[in-house]
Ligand code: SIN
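Shown here is one chain on its own, the form predicted alone, set out as C-alpha cells.
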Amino acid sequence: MGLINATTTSDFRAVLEKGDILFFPEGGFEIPASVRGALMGASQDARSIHKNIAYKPNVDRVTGLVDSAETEAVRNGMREYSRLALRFMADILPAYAANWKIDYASFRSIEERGRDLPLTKRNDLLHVDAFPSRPVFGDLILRCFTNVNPEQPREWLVSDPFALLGPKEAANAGLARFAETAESGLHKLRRTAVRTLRRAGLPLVDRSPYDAFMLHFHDWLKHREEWQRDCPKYRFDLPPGSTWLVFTDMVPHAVLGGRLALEQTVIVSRASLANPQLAPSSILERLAGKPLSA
C-alpha cells in the first residue's frame, strides 16, 4: 500500500487498481483564485445530516450550507471546480472516462479532528465507501481530492486494499447471507417492484446484493474495534496544494485531521479496468461463487 508520485509512472490505471494512491504533489491542475475565494468563507451546516458541502452536477445544485445567501457563489465555485477536476481526470485516465458516470463533488470545510458525528458517519474510522442512495452495481468509486488549505496537510490513514481485505473479512461480515438473497425469489420480486415504482416517480433505491453488502461492510468495519485497532495501517500527510486519486471502495481509508479539501467523484465501469478481476465486486463474486452485482 503506497502513495505513488505521478511523476514516477505513466501507468495510472495500474497504480489505482493495485490499491495505491495516485499522488500529484503540485496539484495536477490549477484551481482559480475566484473558486477558492467563493468557497473559503462558506458556512457549512455542521449537523450530521450534511457531512460536507455537496455539489450535484446533474441538477446544478449545492447542499450543506447554513446561509442560503451564499448559495449562488458557492454553486458557481463548485461548478467550476467540478468541471476542472473532471477534465483533469479524463485527460489522465481516458479509458475510464470513456463510459464513467459523473457523481457528486464536495467541499470538506470543517476540521476533521475531533468532529462530533455518529459512529457510522465518522471519517476518522477506517472504512470502504458505499453510497446508500446511489448504488453502483459492481462498478467502482473513484475520487479525486485536492487540499486547498494553504497551511495544513490533510491527514490520511489507509489499510490494505480489498484484494487482501475481502478474503480475510467478507465471510466474517456475513457475505453468505447476502449471496443467498441474490437468487431468492423474494429478492427478485422486491427489485421488480422497486423498478416499477421508480418508473412511476417514487424515490426508491434499486440496490444489487453487492451494493447491499458494501453498505453493510462499511458500517461493519467501523463497528469492529478489534479490526480498527489491529489492521495494517499506513499514514500519509497530504500537503497543501496537492491532489490525489484513489478508489475509495477498494482502499479502506480514514481522515484523521485537516480542513478545506475539494473532491470530485466518478463511478468507473468495472469493464474499463485494466484488470477487472481486482474490482471489489469481482473479488466478492469469486468468494460467494455467484453473481452479486447484476
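Computed from a predicted model, the values in this text were never measured in an experiment. Start at 1 and count along the sequence shown; that's the residue number.
Here the subject shifts to the form predicted together with succinic acid, a form of this protein not shown in this document.
Note on the interface: of 228 to 236, 59 to 67, 27 to 35, 250 to 258, the segment with non-hydrogen atoms within 4.5 angstroms of succinic acid in the predicted bound form is 250 to 258.
The closest heavy atom approach of Arg108 to succinic acid in the predicted bound form falls within 4.5 Å. By the criterion of a heavy atom within 4.5 Å, Phe145 is counted among the residues contacting succinic acid in the predicted bound form.
In the predicted bound form, at least one heavy atom of Asp129 sits within 4.5 Å of a heavy atom of succinic acid.
Contact check for Asn123: a non-hydrogen atom falls within 4.5 Å of succinic acid in the predicted bound form. Shown without its partner, this chain lists Trp156, Phe178, Trp220, Phe88 as candidates; in the predicted bound form, only Trp156 has a non-hydrogen atom within 4.5 angstroms of succinic acid.
Contacts to succinic acid in the predicted bound form (heavy atom within 4.5 Å) from stretch 53 to 91: none.
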